[in-house]
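Structure 1 and structure 2 below are two forms of the same protein chain, each written out on its own as structure tokens.
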Structure 1
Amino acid sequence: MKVKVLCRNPDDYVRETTRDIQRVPRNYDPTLHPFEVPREYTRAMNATKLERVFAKPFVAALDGHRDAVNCMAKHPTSLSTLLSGSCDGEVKVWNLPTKKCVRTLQAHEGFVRGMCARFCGTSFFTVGDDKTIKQWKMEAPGYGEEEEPLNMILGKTVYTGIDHHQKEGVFATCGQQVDIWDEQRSSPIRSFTWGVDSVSCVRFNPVETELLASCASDRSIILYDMREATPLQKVIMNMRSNTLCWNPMEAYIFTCANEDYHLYTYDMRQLSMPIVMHSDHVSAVLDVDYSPTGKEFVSASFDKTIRIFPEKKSHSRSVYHTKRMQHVICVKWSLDNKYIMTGSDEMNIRLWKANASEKLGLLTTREKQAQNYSQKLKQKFQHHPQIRRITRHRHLPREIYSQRKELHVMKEARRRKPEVQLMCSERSGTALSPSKKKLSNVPSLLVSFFLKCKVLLAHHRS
């Protein structure tokens, strides 16, 4: 004789407290839920619309500078501290939670060209137009003490950038050449040159800490190794790059901001061609910075906007702008991956959310679960036309919109020019010179074959 016993676990249906929602058992058999997909599609559509409704990225503006903000630096160990330098030689230390300036010092005469914090966070370095490198304490001086630098080095030329090693007391500067300095010495321990007039930016690799890269005035990007006596590699681009940034999670990947309105992501092991060309800006890109996860980066442009790009996609996922914000000179992504800081021409530092619709503050367990559920629904239906249209839509100022249309017309004209030239040459019986037959990224034989077919079809129809 067989006896079947019904066993019920109270944990499956009894609430922990009276405020909890009643637990209801559910059968996930798809035959019992024929309208599940339409219902989830409606929820995904509502979640996408609500995301755009609550997309308010601007958090705060930090005002206090008396000239344009030319450079910024993040504190390596404190999320609440931000350093900024302006074009009048003034350096300010900001407390981000209170949105107030806690310290002001006159660091240089003229522009503050660059600044960086020491890897331990106890001090920071600045360079300026007065040909000096100064090291300052991160803490403010005590009552009655004067504001003086810990160390000052007077150079022969103007320094245009500075960056500190991630683990050692070594920093690099750039100007007419790239110099490697020891903090305990007043002269560089190594100098690199490669036939350029000036170098505008130098950056240490955060993973392979002995490597560094620089952008030069001859449109080149140069890679160095501190263990070598000469530079490693050099790639020359069509236009000058303003700055670059290494990916903090992938040792060989870096992205450069170029004057031709684009950003280029390179693998240093294969510099003959960029991995991705990121395009959406309508003016020169002035600065770029990666998120701590390495999956996205933010760019600042002369067109008065900042854009957030996924690392492996050519178009931006979001664009931030305001009516009062002028040319954005510098940008930083916070180390907690939640905020973006920008410094612009009109003397303000602005704080933005990295995710425009993200709710600030602590979230309850139910809010986190609802947020994750909505995110999964949006990913599931992201390729549906209506959801894709709502997700991609961004409001742009009229000037940027008209410039994008003009750039699109110019791009189409450049694309059609070789086709028209070849078609006219076939009709007149004259051959083009080899230099005019070249088309980028497409095998020339295949292109000529298709174009000849198009010409023959046009003759046949006429």
Structure 2
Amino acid sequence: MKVKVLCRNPDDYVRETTRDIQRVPRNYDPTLHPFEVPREYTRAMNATKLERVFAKPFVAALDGHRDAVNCMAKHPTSLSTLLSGSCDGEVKVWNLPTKKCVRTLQAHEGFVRGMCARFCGTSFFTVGDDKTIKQWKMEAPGYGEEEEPLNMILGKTVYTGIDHHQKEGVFATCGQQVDIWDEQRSSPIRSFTWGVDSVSCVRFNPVETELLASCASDRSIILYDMREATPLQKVIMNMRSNTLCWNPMEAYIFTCANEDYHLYTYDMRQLSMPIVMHSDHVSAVLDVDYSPTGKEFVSASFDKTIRIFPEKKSHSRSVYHTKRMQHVICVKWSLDNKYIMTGSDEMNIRLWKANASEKLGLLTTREKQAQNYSQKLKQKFQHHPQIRRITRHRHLPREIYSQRKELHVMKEARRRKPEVQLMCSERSGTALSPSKKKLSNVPSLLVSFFLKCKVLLAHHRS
């Protein structure tokens, strides 16, 4: 005889702890629970309000550098470690949970121009104004030992940037040219030049690991393949790009931070036209870093703010600033997607939450569920005017606010100009040519716009 047993998963009816509320079977008859839309709307409204109230992104400031922080590097295997190099040649290793500097070393004379950690996390490389590349051990030297680099390579010219290969013992430096180095050799295994006198940034593609991209001072972005003898492709923009960053989840996408206040996301197969132009900054964008999920990126700007952009959106979803934060020179997104680190002119490194209102730490299941639900509600009612207004409201310092306004006015004027001209001209019958095509690379409009801005800024400062 067979006994059939109804089998249920205990997770469905057993509460997690004795303190938890007992599960009660519910009657889901819709007539018993009327007004679902208004009720959910109210919940969504509350959730949005709370989100704004709890949006406190600033976590900590790491104080200790004696000059502006010029570059930073993430530790590839340890989330709690951060490396930073300053303009006085000092490199500091930070422990983020304790917010303490665990190690300081005088790496270079003059600026530390760039740094990167080896993929295994055992050592890191720095380049400086003293024309050297130095490799350092990640661990601090033992008691009584001298702080000495593992390796040092003396070059002829200044290196302005460095990046390490994702899997092999190969790194790339940039300066007058882009060099590919083997860690074991004292000379580069390959160097690339393409009619440029200086390259400011070079980055390995984290996915297609043999590819590189660099930003040069002749306003170009150049792509390289480590295996090829020549560079691959070049695109010249209207303004110089400061840095670029590859998307860690999409092999062919990269974003560059430009001097013309914008960021441009390119598909490397189609360099003639950027996919998206990200604009919100009111001054040159100095650094950019993708979140490890590849869904968002953060940009640091000369206008003393950092902004977080969704990957393919032209406007930022969030802006962070503090009164004391000056020009933000470098920015990094932590490898667990939860924090953002910024290094700025006033010698501080700041730690921010990537999601301003997110509750960090361990969450119980019910908390998590509630969070998910409120997120969903916010998303569901995002188009409702009141909710939209609350979610979108951000505070900006007065300077940036006024600059934004100014820029907006200028942009509007520029947009209107051809229309007005046409209106005033005699042959008003001719149709307006669609101006959308002008976006290619950077519209020439932007240059004039930029110049105007410069003048205005100068005026503003004086």
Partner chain sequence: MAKRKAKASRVRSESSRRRSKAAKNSTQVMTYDDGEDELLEGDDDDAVISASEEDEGGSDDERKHRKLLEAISALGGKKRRKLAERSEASVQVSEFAVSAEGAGEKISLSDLLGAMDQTPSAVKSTKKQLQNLESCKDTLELPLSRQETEKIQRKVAFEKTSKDVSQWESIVKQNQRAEQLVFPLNQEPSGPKPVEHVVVGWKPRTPLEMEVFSLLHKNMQPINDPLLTPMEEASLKAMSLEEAKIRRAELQKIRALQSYYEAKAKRERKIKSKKYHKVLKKGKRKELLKEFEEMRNKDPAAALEELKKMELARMEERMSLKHQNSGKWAKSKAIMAKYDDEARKAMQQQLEMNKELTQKLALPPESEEEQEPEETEVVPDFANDAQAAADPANPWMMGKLSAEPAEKDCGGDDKESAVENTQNEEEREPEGDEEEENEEDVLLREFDEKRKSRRPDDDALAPPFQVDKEETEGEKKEEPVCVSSEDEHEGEVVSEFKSLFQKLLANGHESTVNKGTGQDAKESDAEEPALLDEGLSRVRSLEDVDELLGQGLVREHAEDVAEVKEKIPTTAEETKNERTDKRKKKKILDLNDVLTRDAKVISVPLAPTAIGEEEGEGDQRMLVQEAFAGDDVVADFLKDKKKRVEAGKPKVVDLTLPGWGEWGGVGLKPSRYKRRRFRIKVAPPPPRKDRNLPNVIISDARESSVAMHQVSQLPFSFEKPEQFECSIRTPTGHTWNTQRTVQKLTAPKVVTQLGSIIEPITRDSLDKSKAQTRGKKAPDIVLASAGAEGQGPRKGRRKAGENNARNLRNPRRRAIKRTK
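Here, a residue number simply tells you its place in the sequence of structure 1, counted from 1. The structure displayed is predicted, hence computed values, not measured ones. C-alpha atoms forming the largest set that superposes within 1.5 Å between two forms make up the rigid core.
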| task | Choose between structure 1 and structure 2: indicate the form predicted in complex with the partner chain. | result | 2
| task | Align both forms on the core first, then report whether Ser402 has a C-alpha shift of 2 Å or more between structure 1 and structure 2. | result | no
| query | Comparing between structure 1 and structure 2 on the rigid core, is the C-alpha shift at Asp63 2 Å or larger? | reply | no
| said: Relative to the superposed rigid core, does Arg26 relocate between structure 1 and structure 2 - that is, does its Cα move 2 Å or more? | reply: yes
| note | Superposed on rigid core, Tyr13 CA travels between structure 1 and structure 2 a distance in Å of 7.1
